[in-house]
Each structure stands twice: as structure tokens, then as C-alpha cells.
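Next up is one chain by itself, shown in C-alpha cells, the form predicted on its own.
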């Protein structure tokens, strides 16, 4: 019985050690990948800023909206009447 318990304890310890190794390798790989990705994104951002100085983007002009002003008393009367009827 004692030998069986000792064998289970050794396999359990071995499995925990393997799991910790796997976890450390996996998390280290993800950390390295994220650091490399951040560095590449910073380099790309700086290169785009430099290229934007030499090749600027065309900025479209904003279209001016024409505003129709109510100067006729008939239009005002129709608006007031329609507001009253909707209530």
C-alpha cells in the first residue's frame, strides 16, 4: 500500500511539473509575441507618419448646406397649424 501511494505521489508531482513547464512556455510565447507585435505597430505608425509628410492625404472640402429661411407668413401658418393638429 505504501509503495502504491509513493508511486501515485511521484506521478502526481511529475504531472504538476509538466503542467507548470507547459504553462510557462505557453505564457512566455504569448508574451514575446505581444511584445513583438507592439514594437512592429509602433514602427509602422512612425513610418506612416514619415510617409504622410511626403505624400499627404487629400482632405475633402465640406459641402455647404443651403438653409431655407421661412420668410413667408403662409409657411409659418402652415407649420403652426400642422403642429397644433398633431397634438
Partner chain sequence: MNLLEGFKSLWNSTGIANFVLAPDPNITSVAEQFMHQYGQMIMILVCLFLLWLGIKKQFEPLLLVPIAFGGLLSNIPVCDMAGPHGFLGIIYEAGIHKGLFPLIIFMGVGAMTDFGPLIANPKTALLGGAAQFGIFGALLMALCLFGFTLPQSGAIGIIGGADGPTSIFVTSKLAPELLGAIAVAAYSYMALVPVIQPPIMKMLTTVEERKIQMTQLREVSKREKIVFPIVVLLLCVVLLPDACPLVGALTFGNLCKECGVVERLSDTMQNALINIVTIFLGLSVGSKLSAEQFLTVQTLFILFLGIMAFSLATAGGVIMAKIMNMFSKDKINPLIGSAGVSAVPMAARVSNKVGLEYNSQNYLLMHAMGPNVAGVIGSAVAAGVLLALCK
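Positions refer to the first chain, counted from 1. Remember, it's a predicted structure, so these values are computed and weren't measured experimentally.
Absent from the display: the form predicted in complex with the partner chain. The rest refers to it.
Chemist: When the contact criterion is heavy atoms within 4.5 Å, does residue 23 count as touching the partner chain in the model of the complex?
Modeler: Residue 23: yes, in contact with the partner chain in the model of the complex.
Chemist: If we define contact as a non-hydrogen atom of the residue within 4.5 angstroms of the partner, is residue 19 a contact of the partner chain in the model of the complex?
Modeler: The answer is yes: residue 19 has a heavy atom within 4.5 Å of the partner chain.
Chemist: Go through 14-52 residue by residue and record those having a heavy atom within 4.5 Å of the partner chain in the model of the complex; state none if no residue qualifies.
Modeler: Result: 15, 16, 18, 19, 20, 21, 22, 23, 24, 25, 26, 27, 29, 30, 31, 33, 34, 35, 36, 37, 38, 40, 41, 42, 44, 45, 48, 49, 51, 52.
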